[in-house]
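Form predicted on its own, single chain, as structure tokens, below.
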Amino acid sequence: MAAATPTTLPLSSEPASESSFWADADRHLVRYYGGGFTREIIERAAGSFVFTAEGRKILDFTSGQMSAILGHSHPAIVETVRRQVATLDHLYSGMLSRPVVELARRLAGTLPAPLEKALLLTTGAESNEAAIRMAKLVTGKHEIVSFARSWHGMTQAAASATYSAGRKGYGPSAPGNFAIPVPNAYRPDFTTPDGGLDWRRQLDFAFDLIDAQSTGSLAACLVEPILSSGGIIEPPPGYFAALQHKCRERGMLLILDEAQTGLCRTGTWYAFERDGVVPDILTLSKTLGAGLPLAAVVTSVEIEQEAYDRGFLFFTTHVSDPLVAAVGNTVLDVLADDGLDARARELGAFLRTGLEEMAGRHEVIGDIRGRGLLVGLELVVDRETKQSSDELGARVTRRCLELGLHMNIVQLPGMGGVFRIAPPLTATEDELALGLSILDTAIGEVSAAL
């Protein structure tokens, strides 16, 4: 079949009409959301808002893809990109630049010992891929344990450790991947006499199953400190110390994926600080680039040396790129200079108070959970039975968007619709109050129509 003749590109800078835009989108884009793309053209974004071609102003309660912790088009980020792209944007992967070494040094300065060796990459999936590869090489084993509602990425090893979605229809995953139950206090599977979550018994049971299935080749446990795509589920205090002990008993490394929880969003620089544990390997992404593609793997000198001695290879096109490394340095500047860890705690308390007041007005609000500016709001049709409804969450989401609020909802089997609320750390109380007001209205209108 003959190739199509290329069309001549228009010389005019005039944007396509809305009908032409959607015709081109429908014809040429591969779709990836179950419900398709939101049928609004986004022209620009600034701070906590995105703006449509029709002039609508939409409050962004998800920081883009949970990434823009400094809001959209932060002046310091804009200036860094302008300066760096005109000076040094990309290099051969074996060359080094000052922004890369500076970011590695400064990341180590934000972390407890012995985490001080960094590999700078682009996405969360890529950082988890590299971490898994490193763990397998260093331990000489291949089995990976993750939470049953985890999300670690869409590349092979990361996808094989992801259980909240995307597993059906793609054939076999990487061998040796095992899931353990999520310690969900709102929907406990193992219970104490008073009906609470018995996470210790659950964890013992989980590793009894892991031991029964393992071929003796357990390499690592890869988990999120707060499961985000799993429905903003925060394991209780003490859980991660016990999990780390399980890993140590089996010669496994503990890898913590702080793509969404790292860099002040939860009120501390890293979510794992609450638990008094230090992972063997830490992965960062999303928040590190504040919306630009930047990720990192951070580990100890000992693990890095062992990996290097064994021939560790993760040589990618955009490893150690200077442009995004410069952005990462600016992100650290703003986080430190503006005290955004404390701000996340203060705004998080304001947000939670507003949600708790809302729960007093709406019976469909079943649970509020999370930490800092990463908050989950679970909707149910019956508080007593915790019965869920996909339609309820979908309708509230649609109504919020109509009213000018973008919300992200997680809908998994056995759970109600869980809103992931993650506004920028630079948001104001007035902006949070606006979001709460719109959400309150949307829930009220949808509930009244049930």
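Bear in mind the structure is a predicted one, so any value in this text is a computation, not a measurement. The numbering used is simple: start at 1 and walk along the sequence shown.
This protein has a second form, the form predicted together with a small molecule, left out of what is shown; the following refers to that one.
- Heavy atoms within 4.5 Å of the small molecule in the predicted bound form map, among the stretches 306-314, 254-262, 352-360, 321-329, onto 254-262 alone.
- Listed residues Thr123, Thr139, Ser160, Ser164 were compared with the small molecule in the predicted bound form; Thr123 is the one with a heavy atom within 4.5 Å.
- Taking non-hydrogen atoms only, Lys286 approaches the small molecule to within 4.5 angstroms in the predicted bound form.
- At the 4.5 Å threshold, heavy atoms of Glu224 reach the small molecule in the predicted bound form.
- The shortest heavy atom separation between Gly153 and the small molecule in the predicted bound form is within 4.5 Å.
- Although the partner is absent here, Thr80 lies well away from the small molecule in the predicted bound form, with no heavy atom inside 4.5 Å.
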